[in-house]
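Here you get one chain, nothing else, as C-alpha cells; it is the form predicted on its own.
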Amino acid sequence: MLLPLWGPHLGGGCVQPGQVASPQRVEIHKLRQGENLILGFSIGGGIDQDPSQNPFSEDKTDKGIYVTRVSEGGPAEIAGLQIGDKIMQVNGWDMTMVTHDQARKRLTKRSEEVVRLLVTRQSLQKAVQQSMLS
C-alpha cells in the first residue's frame, strides 16, 4: 500500500509537500531481561509536550512521537529503527495524537513480546541537512 507523502494520516504536519519521507515497517522482538521486556529505544514528543523542543521537527509545531535514542546492539537497532523516526502506529494503534505517557504505555505492554511499528523516516539527505543546522 502506498501512502501520500503528506496529509492528516501522517499526524499533523511533520511531512510537507516537497519534503521526502518514507513510510517503513519495523518489527521489534522484545528482549527478556528477568521480569522486563526490553525494546532498546527511547521516545520523545506527544500532544502534551512542547513541540518547540523537538529536534526532528522543521517547523517546531509537530507533536508526534519520535525515536530519540536507539541502544547499540539492542532489539530496536537490530530491527532497523533509527533516531529521528516518527512513530505513526504501534501494533495497528494510531500514535499521531497521543500523550507521551500513552505512547510509552502502548509500546511497553507486557502482553506483547513483538512490537510492530509504522514509522516515517526522512531521507538521509534531509536528515543530514537538519543535523547540520542544529
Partner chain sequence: ERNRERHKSPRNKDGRGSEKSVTIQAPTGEPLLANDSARTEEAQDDNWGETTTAITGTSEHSISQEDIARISKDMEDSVGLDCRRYLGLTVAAVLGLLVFLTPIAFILLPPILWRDELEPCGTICEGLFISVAFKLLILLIGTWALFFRKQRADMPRVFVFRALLLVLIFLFVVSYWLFYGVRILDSRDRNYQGIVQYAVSLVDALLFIHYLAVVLLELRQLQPMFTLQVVRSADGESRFYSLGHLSCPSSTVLSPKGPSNNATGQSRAMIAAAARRRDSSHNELYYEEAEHERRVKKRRARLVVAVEEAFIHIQRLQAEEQQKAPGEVMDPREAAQAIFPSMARALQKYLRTTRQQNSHSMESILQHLAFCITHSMTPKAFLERYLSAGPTLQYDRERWLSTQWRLVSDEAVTNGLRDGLVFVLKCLDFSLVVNVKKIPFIMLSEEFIDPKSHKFVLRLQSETSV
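Keep in mind that what you see is a predicted model, and the values were worked out from it rather than measured. Numbering follows the first chain given and starts at 1.
Just so you know, the form predicted in complex with its partner chain exists too; it's not on screen, but the next bit is about it.
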Heavy atom within 4.5 Å of its partner chain in the model of the complex, from candidates Asn91, Gln49, Gln102, Thr61, belongs to Gln49
When its partner chain is placed as it is in the model of the complex, are Gly44, Thr68 and Thr108 each within 4.5 Å of it, taking any non-hydrogen atom of the residue? yes
Could you confirm whether Val26 comes within 4.5 Å of its partner chain in the model of the complex, counting heavy atoms only? no
Report yes if any heavy atom of Leu39 sits within 4.5 Å of a heavy atom of its partner chain in the model of the complex; otherwise report no. yes
Could you confirm whether Gln53 comes within 4.5 Å of its partner chain in the model of the complex, counting heavy atoms only? yes
